[in-house]
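Just the one chain here, laid out as structure tokens, in the form predicted alone.
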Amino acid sequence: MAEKIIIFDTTLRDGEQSPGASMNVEEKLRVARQLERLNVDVIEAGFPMASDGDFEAVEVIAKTIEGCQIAALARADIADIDRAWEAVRYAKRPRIHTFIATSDIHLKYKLKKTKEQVLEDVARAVSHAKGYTDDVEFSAEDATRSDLKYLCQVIETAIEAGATTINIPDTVGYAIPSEFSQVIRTIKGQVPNIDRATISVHCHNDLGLAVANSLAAIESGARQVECTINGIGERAGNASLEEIVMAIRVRKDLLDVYTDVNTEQIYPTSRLVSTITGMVVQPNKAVVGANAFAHEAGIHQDGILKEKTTYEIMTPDSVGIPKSSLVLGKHSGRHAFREKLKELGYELTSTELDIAFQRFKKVADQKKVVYDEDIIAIVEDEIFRIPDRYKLIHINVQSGTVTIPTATVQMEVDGRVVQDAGFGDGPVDAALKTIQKITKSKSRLVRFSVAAITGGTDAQGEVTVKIEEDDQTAIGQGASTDIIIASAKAYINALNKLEYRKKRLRGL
């Protein structure tokens, strides 16, 4: 029978220790509420002794969150444990998580203590924490570089003192899966009272093995995994929650375990943490990266369109992503191009498709990614080309805090060059009003929207406008890194479409 894996999320504690990932109390509470929706079992809310801010965050989260256990971290020190309890005591199910290093290198250089002294510290700390709550977790910091016989002795002491969860951290990401499995098996076999505690693991990603080590530990008997959203954390980060949870779900044929995580909340949680911390998720990140469900190669796209399981081992909606995306580029095939055209509302004949596809391939050779507006432009230009009555030659705009926005526009109207200038409430308004003056259009602007196609301050912006005259409407689009130029292009594009439709109505 499948056994449950307890998901212990430490995004708010270890994850926040990522350089630049610091969160204030309000932000930590937002993440905690989302973790509650994600339905993790334990939220490690912080390290109360570290700062007043951390103390306040743990206290607020403990008072607010009801669906998860709340843990507070403390060194194996009486003052730390008292401070942790003071913050976490308001939780419905509070946990004190205390730790001390056990490796020879830490004992010698950091703690400057003997093995016997550390054993005494462990017994004293766990017993003190047990006086506050029955739920006490003990961690042997740098366990994977510790003497295994001594590690087992420390664990036995911690359990005897009242620890109900024993955490085995790979603190510096040193272990490899086969080695880590052996550590867990040895602990299970040689610690006489291990049946009185849950074995937990906390793996760092210095060698890129945090998730692999966590899964190996599960196979060897660990039943709690400590992890973070997006794998953030000290140095190279922690084991990634989303990767562990989805590995368990996807490979249930090999891993006879399960979690209670609401996987549909994985992507929203990932986005929230990324937004708050400012740590961008790499595009090729497993499960939640922008490319995780994106397919560009023609063979892959063709397979996905025929049967999703050909190239997807999990569905995007299972992690909260609406759908897969077909990223069109130079490797894309005709099948994917046709499907993209259908999404954009175009039904082409075979001949028209051939013409548009050849043009698409030329554009794809010049660009890494071909965006929807590029495809629309290709089809409109090659298949549904509308004669341009109006063409933009150049535009110049002056604007500022002490300057009336002014636009000078030069256009070609019916083959004749016309130039004029005008004012407006802002640079875009001035540009569009000048274009309207030149074209003598009686249309009304009913919609104006701007969207960034790419990220960064040099992003290409796409402007969409909708204009209306009498009973006729037209939508125009324009793209440029200069939003004023994009606006002018979109407006002129809409004016040309409107003129074309008016001519067709008159039978011209």
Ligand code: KIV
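Don't overthink the numbering: it's just position in the shown sequence, from 1. Just so you know, these numbers come straight off a predicted model, no measurement behind them.
The discussion below concerns the form predicted together with the ligand, not included here.
- Annotated contacts: 95, 166 and 224 are all free of the ligand in the model of the complex [non-hydrogen atom within 4.5 angstroms].
- Heavy atoms of residue 14 reach within 4.5 Å of the ligand in the model of the complex, making it an interface residue.
- Heavy atoms of residue 435 never reach within 4.5 Å of the ligand in the model of the complex, leaving it off the interface.
- The ligand in the model of the complex comes within 4.5 Å of a heavy atom belonging to residue 73.
- Put simply, residue 429 is far from the ligand in the model of the complex: not one heavy atom of it is within 4.5 Å.
- Proximity to the ligand in the model of the complex, defined as a heavy atom within 4.5 Å, singles out one entry of 270, 205, 214, 171, which is 171.
- Interface residue among 374, 243, 77, 141, judged by heavy atoms within 4.5 Å of the ligand in the model of the complex: 141.
- Here the chain stands by itself, but in the model of the complex one stretch of 146-154, 353-361, 196-204, 85-93, 196-204, has heavy atoms within 4.5 Å of the ligand.
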